[in-house]
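As structure tokens, one chain now follows by itself in the form predicted alone.
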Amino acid sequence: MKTSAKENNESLKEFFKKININLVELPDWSCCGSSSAHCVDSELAHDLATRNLAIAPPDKPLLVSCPSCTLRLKQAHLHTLHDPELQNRFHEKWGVPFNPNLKIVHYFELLKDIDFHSLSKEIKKPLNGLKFVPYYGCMLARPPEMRHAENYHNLLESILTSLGATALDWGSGSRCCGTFLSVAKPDAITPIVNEIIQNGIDTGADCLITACSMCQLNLEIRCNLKQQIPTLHFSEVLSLAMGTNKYKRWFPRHLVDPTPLLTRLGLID
């Protein structure tokens, strides 16, 4: 979010700023460990996640953008909540008591409570004409121990259609993009990514829209189809609808340039 997905980070902050929600970055946050750490060292993976829980303000919800980070932080909190030994480890390692009431939320949780129809005056660029397929990836699909966590599937479609876009039905919205295996085994991931992108093309979509920066990266760097369509960050599209002109910094970072499509639809100048 701070390096290879800067456009995701910036557009997310830009959108929330435009709807008067103030995001305060967690000081001195560290990597949650993502997929790699828990495959190599489960204790290290747990500690990487709980460090962020320890420095989070106790009286504010911890808002997370990345689905993988959301999963790692929530799992670490859940495991610690139900294990007194982990609570003691938490206290000894970080010097503060474990906060059982810390609320960890994916930013979808904020969006689901926003009435986008009431924001009609704020919408500068309705997404009319944009046909997309929603790509959630697999990280928002909870593992069995988190089966009671809220499911936000259909949120992309609901919000973006309220802004004028057209959501198309397809069968690859929850397919795994390969996550960290894109680095370790790229030859195994390319066919998977190609199938996802081709399914989007066959559906008649102009683009894929995803809420996961890792998914967006993998879908761009590992696809080698001759014909491709852009994969946009959800936050970019939301900010675009609010009339931002900062997209000029974001879109050059895409390997599949969305500018021709969005220009043709009149969504950018």
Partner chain sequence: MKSCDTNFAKEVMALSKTTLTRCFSCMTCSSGCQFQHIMDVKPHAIIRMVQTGFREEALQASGPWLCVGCNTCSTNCPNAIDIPAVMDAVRQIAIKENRRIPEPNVNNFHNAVLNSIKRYGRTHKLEIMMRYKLVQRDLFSDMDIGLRMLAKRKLDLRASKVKELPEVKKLFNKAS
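Note that the coordinates shown come from a computational prediction; the quantities given were computed from them, not determined experimentally. Numbering follows the first chain given and starts at 1.
Just so it is clear, the following notes concern the form predicted together with its partner chain, a form of the same protein that is not shown.
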Triplet 9, 24 and 158 all within 4.5 Å of its partner chain in the predicted complex via a heavy atom: no
Heavy atom of residue 71 within 4.5 Å of its partner chain in the predicted complex: yes
Residue 178: touches its partner chain in the predicted complex, heavy atom cutoff 4.5 angstroms: yes
4.5 angstroms heavy atom contact with its partner chain in the predicted complex for residue 253: yes
Residue 4 within 4.5 Å of its partner chain in the predicted complex, heavy atoms: yes
Option touching its partner chain, based on a heavy atom within 4.5 Å in the predicted complex, out of 207, 217, 53, 66: 217
Position in contact with its partner chain when the complex is considered in the predicted complex, options 114, 138, 78, 96, heavy atoms within 4.5 Å: 138
Which of 237-245, 197-205, 24-32, 57-65 lines the interface with its partner chain in the predicted complex (heavy atom within 4.5 Å): 24-32
